[in-house]
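Next up: a single chain in structure tokens, the form predicted alone.
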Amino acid sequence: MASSMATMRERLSQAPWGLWWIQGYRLTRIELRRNLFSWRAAWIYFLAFVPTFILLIHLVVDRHSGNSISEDTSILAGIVQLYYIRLGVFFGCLGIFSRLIRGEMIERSIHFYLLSPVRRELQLLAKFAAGSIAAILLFASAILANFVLVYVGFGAAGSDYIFNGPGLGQMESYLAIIVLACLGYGAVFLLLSMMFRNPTPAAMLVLGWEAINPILPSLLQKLSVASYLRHLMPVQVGAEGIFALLTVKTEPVPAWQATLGLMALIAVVLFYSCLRIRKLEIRYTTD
């Protein structure tokens, strides 16, 4: 055991970390430009900012009184929990991350990466980093804009709620949820893009699993990205009607446990993805 640990430390010390950092940094910059500043990403911008447009109309048309701050706070929580987590971030990450591998196979350009003198695991992690940065920048910017539009109409009451009340804490929680959602769904869709020729049907199965997750037993609810994010919500949005009868309530989980659980899930998925990309073969006659 001691000899194996010494061998591992020796290999790690001899690894070309500086070279890997430079290669990963440059690959990430290339992929980031392709994902964030491209006309093909226009529909992802729409997914991110369509609630912002609706809230802007609400700000202009409706009157805001101090008594309705709690109502608008619940609306903002519903937008994050029911739209962004369930739909916006989900499909946005599907569009971003599925294009990183499968999109280049369709365009017949990924072999340039695979034939370059760069480790495949490093290429995968650089693509994941670029996709994550792009998704986080888009959706976090949308969340910040939504937060401002919800409370700016209340004037001094809104400012007091943000700076002297729970407002800032809620905003930090929403941003953390969006970051973890982008990382979690991004890792899943990056793996699916290597496993399936068309990752969309598999993504629809994941969407179905996420949709029925609240009615599953507590143990199965843990096998979901949204289940971890639900414990991080600063304002809970309860189910109503028939959905309230079907929802199985789980015991509250501390935020740090939910965060560590989701990070562990992301690490496992990325580790398996690194193993998969080692054996990735390109056959343009069939792909």
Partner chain sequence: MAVYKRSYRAYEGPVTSPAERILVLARYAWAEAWASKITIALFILCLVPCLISLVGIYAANNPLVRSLINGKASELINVDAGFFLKVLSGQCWLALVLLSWVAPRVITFDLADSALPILLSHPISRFGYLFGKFLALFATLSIVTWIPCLGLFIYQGYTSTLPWMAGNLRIAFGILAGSFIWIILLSILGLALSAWVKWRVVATGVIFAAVFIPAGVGAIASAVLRTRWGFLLNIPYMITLVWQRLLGAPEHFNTDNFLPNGSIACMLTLACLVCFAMLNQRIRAREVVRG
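Residue numbers count along the first chain shown, from 1. None of these values were measured; they are calculated from a predicted model.
There is another form of the same protein, the form predicted in complex with the partner chain; it is not shown, and what comes next is about it.
Colleague: Okay, which stretch from 183-191, 134-142, 159-167, 69-77 lines the partner chain in the predicted bound form, with non-hydrogen atoms inside 4.5 Å?
Modeller: That would be 69-77.
Colleague: Does the partner chain come within 4.5 Å of any heavy atom of L87 in the predicted bound form?
Modeller: The answer is yes: L87 has a heavy atom within 4.5 Å of the partner chain.
Colleague: Does the partner chain get within 4.5 angstroms of any non-hydrogen atom of A255 in the predicted bound form?
Modeller: A255 lies outside the contact set for the partner chain.
Colleague: Is V50 close to the partner chain in the predicted bound form, meaning a heavy atom pair under 4.5 Å apart or at it?
Modeller: Flag for V50 set to yes.
Colleague: Within 4.5 Å, heavy atoms only: does M204 come near the partner chain in the predicted bound form?
Modeller: Yes - in the predicted bound form, heavy atoms of M204 and the partner chain come within 4.5 Å of each other.
Colleague: Sequence order please: the residues of 129-163 with a heavy atom within 4.5 Å of the partner chain in the predicted bound form.
Modeller: Read in sequence order, no residue approaches the partner chain (within 4.5 Å, in the predicted bound form).
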